[in-house]
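Shown here is one chain on its own, the form predicted alone, set out as structure tokens.
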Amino acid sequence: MLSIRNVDAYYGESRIFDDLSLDILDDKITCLIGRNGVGKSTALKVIMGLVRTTKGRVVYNNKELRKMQPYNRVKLGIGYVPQGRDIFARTTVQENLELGLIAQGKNAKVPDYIYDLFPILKEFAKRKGGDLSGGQQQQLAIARALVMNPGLLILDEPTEGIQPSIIKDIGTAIKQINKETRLTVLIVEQYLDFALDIADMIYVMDKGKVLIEGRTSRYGSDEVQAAMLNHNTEGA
């Protein structure tokens, strides 16, 4: 399990949130949702060690992460797909995937199931990453994280700027890999219908605070939207 307890986060001298606590359960898909600028992506960067924190605990599989370098967190089995995907535009699809294999050793190869999840990557293996559409680049970014064989996959805004048909494909792939391998998945998302469809667990954030948490089956979209709207109005 990934546990975040009473953590703060800073960009420079600006504090983004204070006293944030989350529990990401093993084998589940958890979505952290909310409007722009409420601290969702920052929470992921806290997990990966990409922003400054001065208090609290971040524990994954009984190991304290907060003072650990980002590359050592990856070695523990945390795969991270940031907002914007960060694929290598001038290298091929195949080369992008192979870069994800470096930590697996020189004899590692891309697992066949990757191409079952994302068939377009096999078809476009020799294309440059920068020549792919936004949806295809997102599939490549997720696949590159998966070839590392992570125990936890973290995705930041996987539906951003992507056409609906590809969003559906990505959702199906995430649910399939979670079901078949029991991969734990944490997703930051704004697209509420996607979050409610894919997630077992949900956290709703606003202004660095958790408004709603629990099993997704407990909540409907109207209830979540009402909570966000009421909290925003109260803080105005």
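Computed from a predicted model, the values in this text were never measured in an experiment. When you see a residue number, it is the position in the sequence shown, counting from 1.
Just so it is clear, the following notes concern the form predicted in complex with a small molecule, a form of the same protein that is not shown.
Not one of Asn72, Leu146 and Thr184 comes within 4.5 Å of the small molecule in the predicted bound form, counting any heavy atom. In plain terms, the part of the chain that comes close to the small molecule in the predicted bound form, with a heavy atom within 4.5 Å, is 28-36 out of 59-67, 28-36, 192-200, 176-184. By the criterion of a heavy atom within 4.5 Å, Thr53 is excluded from the residues contacting the small molecule in the predicted bound form. Proximity of Val224 to the small molecule in the predicted bound form falls outside the 4.5 Å heavy atom cutoff.
Using a 4.5 Å cutoff between non-hydrogen atoms, Leu22 does not count as a contact of the small molecule in the predicted bound form.
Remark: Gln83 counts among the residues lining the small molecule in the predicted bound form, judged by a heavy atom distance of 4.5 Å or less.
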